[in-house]
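First, one chain by itself: the form predicted alone, in structure tokens.
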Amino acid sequence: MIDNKKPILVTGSSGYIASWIVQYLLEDGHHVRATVRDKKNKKKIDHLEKIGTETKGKLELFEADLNLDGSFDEAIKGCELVIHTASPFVIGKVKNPLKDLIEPAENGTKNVLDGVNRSGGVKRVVLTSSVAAMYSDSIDVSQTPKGVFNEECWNTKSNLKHNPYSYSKTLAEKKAWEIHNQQNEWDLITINPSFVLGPSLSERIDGASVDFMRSLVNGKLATGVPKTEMGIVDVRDVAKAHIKAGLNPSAKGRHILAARSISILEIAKILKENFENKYRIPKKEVPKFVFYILGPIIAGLTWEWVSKNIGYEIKFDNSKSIKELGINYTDTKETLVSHIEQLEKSNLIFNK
């Protein structure tokens, strides 16, 4: 049982998901220790400090670097619950997958958990993983027993050249379970969200979710989208799942977070219905052969990715998150509309 009076550590706290975790914990009166890379970077931490002044909990900011061994030790000291969210999220072409994705994801997980082991007082770690650690490509769902991805699935097909982001999430989660299995002082819970959407608490636009939503309304994808399905989930549901996983004594193992599976065109249709002719929202799907020709040039999509991801249905079993964590999934329309409204309010649809 976690002592609610002791501080709770949230790593990567200025991030998209982590900021909501911090807000919910502070609203509930918890003492939150939040790690950031640079406390002097006001642009990335202003929203956290604002939350800290407007809520009843206590917020402490610590500097920590994923690639620096021991840098999380001070923040971990005295905590019984550690929520580790810090990890790079990049979709599309990456110049140096090893340096930009694999090393910070895997080394960061190792460094945080090594610090947990040194602390001697942590009882539970909640790790932000991803469904990307469960599969590489949409076509992989055909190889599951019931045509649905569940918590038993592992990604075995990604590598440095093919879906390196998925590869990084797989290696990071496997590293976490490896370290967990070598001790008996703390237990490990993983949260494996599908594509996370919904309003952000900051005005950063360097995240994949924000870039995706902006592209759907700012005209970038106006000519059409690929026939691709994905699981989606509201960022607020993901944040709540981390907290429930941390504080619920009966929570165990991995948890898929997916409200539903949906095509990009379906997402566009929902936005079109709610924002009418305000934006140049895509109205059609582009044939698969076009992406074989233009995908590598325009979006950095390899022929292998196009072959294995366009034109396939995809399904996720979210029953464990509902039963064990009590997640009541936000309606998709609310997720998408509130995300665009937040971008509008922050004047980020076209600017910056």
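One rule holds for the numbers: they count along the sequence shown, beginning at 1. As the structure is a computational prediction, the values presented were derived from the model and not from experiment.
Note that the form predicted together with a small molecule isn't included here; everything after this is about it.
**Student:** Tell me which of 285-293, 63-71, 310-318, 24-32 has residues with heavy atoms within 4.5 angstroms of the small molecule in the predicted bound form?
**Tutor:** Going by heavy atoms within 4.5 Å, the stretch is 63-71.
**Student:** Taking G198, R214 and S263 as the candidate spot, are all three within 4.5 angstroms of the small molecule in the predicted bound form by heavy atoms?
**Tutor:** Not a single listed residue reaches the small molecule in the predicted bound form, so no.
**Student:** Looking at the partner-bound form in the predicted bound form, is A86 within 4.5 Å of the small molecule by any heavy atom?
**Tutor:** Yes, contact at 4.5 Å.
**Student:** Is K58 part of the interface with the small molecule in the predicted bound form - any heavy atom within 4.5 Å?
**Tutor:** No, K58 is distant from the partner.
**Student:** Heavy atoms within 4.5 Å of the small molecule in the predicted bound form: does G246 have any?
**Tutor:** Judged by the heavy-atom cut-off of 4.5 Å, G246 is well away from the small molecule in the predicted bound form.
**Student:** Contact with the small molecule in the predicted bound form for F149, defined as at least one heavy atom pair within 4.5 Å: yes or no?
**Tutor:** No.
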